[in-house]
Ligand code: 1GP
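This document opens with one chain alone, in structure tokens, the form predicted on its own.
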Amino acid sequence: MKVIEKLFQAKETRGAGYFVLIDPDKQDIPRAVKMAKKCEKADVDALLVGGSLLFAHYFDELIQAIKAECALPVIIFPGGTRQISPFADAILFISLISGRNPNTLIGEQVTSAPIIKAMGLEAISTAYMFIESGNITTAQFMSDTRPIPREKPDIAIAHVLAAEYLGMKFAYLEAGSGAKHSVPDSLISTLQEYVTIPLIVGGGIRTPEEARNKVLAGASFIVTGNVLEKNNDSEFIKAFAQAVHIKD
């Protein structure tokens, strides 16, 4: 079964899916493996691996180490073409459609596509959208793009509709790592009225209750990262999974 089929299955059977982001620059290999094993036991649906920057020189090794100890799907969440590995199960093939920087819209994608093909990686086309979060995030700064204003749902609707019409499989609403504010529940709810593609929501989600509210608003998948770097207690991770899995 392809990874994307597993993700859709999780959404259908559990109400929504829960992803945990592992940033190689914030977790070395032993810590990443330990986190992955905790996530598997806590009923997380998939792991995302990647970050806005990449100081770490062991990207392949980290993914291999996780795969050796954990059965969860490992999906690359790339911050650039350096973050591609044949050892992952899939890669989010991201286009930053909320910006107008041609390199993040199509340039990086053209460069990476032949590499992904040669590696045999499953590519999952994903429309990536920055939503205003109250501060400038690393991803926004590095991409040289502006976020969609959080109080302008019409702009967000137009972008997600464009993503759907272009045939993208997911729309990823990103407040950003360390965001002051997460993506508004009202925006998620409004988008669900206009589009049929699943919404991934991440950035600034700090409590299980906040995660559940986003699922109830219409999010199909929730991503947490920073909050678990500060508190990686197994019960805390499990609380997030239980909050997201509204059908369990």
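Residue indices: 1-based, along the sequence shown. Since the model is a prediction, treat every value here as computed from it, not as a measurement.
The same protein has a further form, the form predicted in complex with this ligand, not shown here; the description that follows concerns it.
Of the heavy atoms in residue 73, none are within 4.5 Å of this ligand in the model of the complex. Looking at residue 15, you'd find every heavy atom of it more than 4.5 angstroms from this ligand in the model of the complex. Under a 4.5 angstroms non-hydrogen atom cutoff, this ligand in the model of the complex has residue 176 among its neighbouring residues. Remark: residue 223 counts among the residues lining this ligand in the model of the complex, judged by a heavy atom distance of 4.5 Å or less. With the partner left out here, this ligand still marks one of 61-69, 33-41, 198-206, 211-219 in the model of the complex; by a 4.5 Å heavy atom cut-off that stretch is 198-206. Looking at 60-79, the one residue that comes within 4.5 Å of this ligand in the model of the complex, counting any heavy atom, is 77.
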